[in-house]
Ligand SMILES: C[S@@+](CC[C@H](N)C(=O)[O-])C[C@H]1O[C@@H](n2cnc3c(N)ncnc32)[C@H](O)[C@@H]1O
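First comes one chain, alone, set out as C-alpha cells in the form predicted alone.
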Amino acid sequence: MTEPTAEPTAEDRKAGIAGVFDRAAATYDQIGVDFFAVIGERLVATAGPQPGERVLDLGSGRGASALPAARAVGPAGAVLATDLAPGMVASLRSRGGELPWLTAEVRDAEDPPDGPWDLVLGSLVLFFLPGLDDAVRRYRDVLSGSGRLAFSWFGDADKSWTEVYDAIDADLPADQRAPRGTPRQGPFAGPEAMAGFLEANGLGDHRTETHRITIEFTDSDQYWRWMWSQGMRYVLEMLESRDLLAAAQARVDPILEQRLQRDGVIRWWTDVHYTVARP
C-alpha cells in the first residue's frame, strides 16, 4: 500500500518558487516582450518614491521596480532589493552597478529587515507568500511614520486563452494544473476583498487602481520562450520531466497559429491592480 504524499510545507513551497525563478533568471523579461518592467515602473509611479527616501523592494527579480525606485530616490536615498532566487539577485547587482545606493541580497520576502522604511514595494510577489497575513503586519511595523506599502497583483485576464491553458496541461492530473484566472476567495479575489484584508491588518488608508496590460507575440516560438522565462516555467518543467511537453506543444501550436493568422500577432491581456496602503 502506498503511503499518502505529505503536503509540502511553507518552506518547501518557497524553495520550489525560488528554484523556478532562479532557473528562469537568465531570460526573465528579456525575450522582446515588455511585461514585468512595465508593471514595475507603473507600480513605482503609483507609489511615488521621493528623493532621499529609503525603499525596501520585495521579490525584486531583475529589478522591475527596484531600478526605477532607485532612480527616483537618488543618491541621497537607499534601496534594498531582496529575492529568494540567487540568479535574480546576481543579475540585479550587475544591472544596478551605476546606482551604488541600490543593494541586492538573497532574502525571504516574509522576513523584512528592520526599518524604518519609507516605502515597501512588492511587484507581483505577495500572492506567492504562504504567510501573507503575518508578512503584511511585519511590513506595516517596519514602515516609517509616513511610510507606505505598495504592491501589484493580477486581476482579470483574457478568458479566450482558457483553450490554450487547457491544451498545455491536459495530460496533468487536475490538482496539478495551473490555476485559471484570479482566485475567487481571499484578498486577491478583487479590490473589495483586498481592502478588507488590509484594514484587518492595520493598513486602513489604502487605494487601488487597475490598468490593463496587453502583450503581443510574433510567433509561437516567442510565446514558448516567454513561458520558460517566468513563473509558468514550473508547468513546462513538470511536463518535460514526464515526457509530456512535446504532446502539449503539438496541441497548443495550432491554436496559436490560428490566432496569428487571424490577428497578425498572438495577443494576450491581463488587468493588473496597483495598491498603495498606509497604517
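Just so it is clear, the model here is predicted, and its values are computed rather than measured. Don't overthink the numbering: it's just position in the shown sequence, from 1.
Separately, the form predicted in complex with this ligand exists; it is not shown, and the next lines address it.
### Task
Could you work out which of V136, L102, A109, V120 is the residue within 4.5 angstroms of this ligand in the predicted bound form, going by heavy atoms?
Contact check passes for A109.
#### Entry: Among the candidates I168, L149, A85, V73, the residue which, in the predicted bound form, approaches this ligand to within 4.5 Å (heavy atoms)
When this ligand is considered in the predicted bound form, the option within 4.5 Å is A85.
### Query
Thinking of R259, I266 and W268 as one candidate spot, does this ligand come within 4.5 Å of a heavy atom in every one of them in the predicted bound form?
Verified in the predicted bound form; spot residues all out of contact, no.
### Task
Could you tell me which of 206-214, 246-254, 54-62, 219-227 sits within 4.5 Å of this ligand in the predicted bound form, going by non-hydrogen atoms?
Looking at the partner contacts, the answer comes out as 54-62.
### Task
Determine whether any heavy atom of L198 comes within 4.5 Å of a heavy atom of this ligand in the predicted bound form, and answer yes or no.
No.
### Query
So in the predicted bound form, does any heavy atom of Y234 sit within 4.5 Å of this ligand?
Although this ligand is absent here, Y234 would stay clear of it in the predicted bound form, with no heavy atoms inside 4.5 Å.
### Task
Evaluate F128 for contact with this ligand in the predicted bound form, applying a 4.5 angstroms cut-off between non-hydrogen atoms, and reply yes or no.
It does: once this ligand is placed as it appears in the predicted bound form, F128 has a heavy atom within 4.5 Å of it.
### Query
Just to confirm, L124 within 4.5 Å of this ligand in the predicted bound form by heavy atoms?
Yes.
#### Entry: Partner contacts in the predicted bound form for 24-43 (non-hydrogen atom within 4.5 angstroms of this ligand)
Y28, F36, in sequence order.
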